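The data below hold one chain only, encoded as structure tokens and taken in the form predicted on its own.
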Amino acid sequence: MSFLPHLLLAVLEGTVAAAVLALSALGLSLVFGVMRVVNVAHGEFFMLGAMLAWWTAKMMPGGPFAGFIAAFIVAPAAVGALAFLTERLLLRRINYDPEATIVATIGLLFVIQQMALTFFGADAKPVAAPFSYRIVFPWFGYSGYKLFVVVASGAVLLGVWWVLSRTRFGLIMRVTQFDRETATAFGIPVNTVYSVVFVAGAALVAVAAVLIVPIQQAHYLMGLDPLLMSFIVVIIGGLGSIKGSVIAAFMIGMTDGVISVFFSPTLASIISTLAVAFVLVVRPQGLFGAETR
């Protein structure tokens, strides 16, 4: 295979990785941007979404397509319900204190991980793609489902953008992000906004998990990579910057895809880590983050 086919394959794989990573990082950035909460259990929400997608697809009659549609509904709803309980019973009780929140979500991480191991087992869980159509290029065939992942992720990202920029609730979220005390003074139910944002962040990462699990098998230890990559994206894009997170996700995803195809995934991880270090030194607030005065 010549250089051009390799490059095309790298771009395709990088686009798929970037699309899923953008959803995952968007959930983390949304929570931090509005609530100033660092959710260390974010990766376990991803893992739980993948596990629930596998379980739902297994239980649902009607074949892979029906199972996928059911998983697309059940997994984000269930993970969102868990996030709602977490926000109400844990984060709200510690008043969203930054240090206490990190410790609490680390504990939640281990609880979710061990519960998944207990109920689902340690084996990797394969999930069949809803369809097996392949797009034939002159040099190779490529999975039509992977391209569907890109389209579906793009549709969700556009939906989130529309809510944030074109709706009244998006305006309320931006006001709450800017100044919690002022929002409270104007009668905005800040605690309700926090609940909705935390649930939305968890549901977004669960959607990413449902989309990727037919490509990457579900496993109770799979939450680490999404957590680390989401943190990398959020740091590079700018803490709390939604636009920055999406752009950084595509930068990291495309770089990872190209380097993984032409060199190795290990080198891609090293470059991502070095990129974080460079941004922290040169522009600590991130590429699109606002400078703290």
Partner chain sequence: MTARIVLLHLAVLLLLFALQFIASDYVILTLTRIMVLAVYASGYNLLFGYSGLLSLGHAMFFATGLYAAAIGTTRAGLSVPEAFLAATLIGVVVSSIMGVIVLRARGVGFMIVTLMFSQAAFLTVLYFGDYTRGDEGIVILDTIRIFSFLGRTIDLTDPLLRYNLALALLAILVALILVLVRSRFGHVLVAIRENEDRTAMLGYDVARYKFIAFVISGTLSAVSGATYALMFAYAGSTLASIQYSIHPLLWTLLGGASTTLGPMLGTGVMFLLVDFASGFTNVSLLITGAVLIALVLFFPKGILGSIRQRYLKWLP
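Values in this document were obtained by computation on a predicted structure and should not be read as measured data. Positions refer to the first chain, counted from 1.
Another form, the form predicted together with the partner chain, is not on view; read the next lines as being about it.
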Look at the candidate spot formed by Ala100, Ala104 and Thr273 and say whether the partner chain comes within 4.5 Å of a heavy atom in all three of them in the predicted bound form. yes
Which among 243-251, 31-39, 65-73, 45-53 is in contact with the partner chain in the predicted bound form, heavy atoms within 4.5 angstroms? 31-39
Report yes if any heavy atom of Ile235 sits within 4.5 Å of a heavy atom of the partner chain in the predicted bound form; otherwise report no. yes
When the contact criterion is heavy atoms within 4.5 Å, does Ile94 count as touching the partner chain in the predicted bound form? yes
I'd like to know if Leu108 sits close to the partner chain in the predicted bound form, meaning any non-hydrogen atom pair within 4.5 angstroms. yes
Does Leu228 reach the partner chain in the predicted bound form, with heavy atoms at most 4.5 Å apart? yes
Proximity to the partner chain in the predicted bound form, single hit among Met115, Ala77, Val151, Leu85 (heavy atom within 4.5 Å): Met115
With the partner chain left out of view, choose which of Ala155, Leu89, Val163, Ala81 has a non-hydrogen atom within 4.5 angstroms of it in the predicted bound form. Leu89
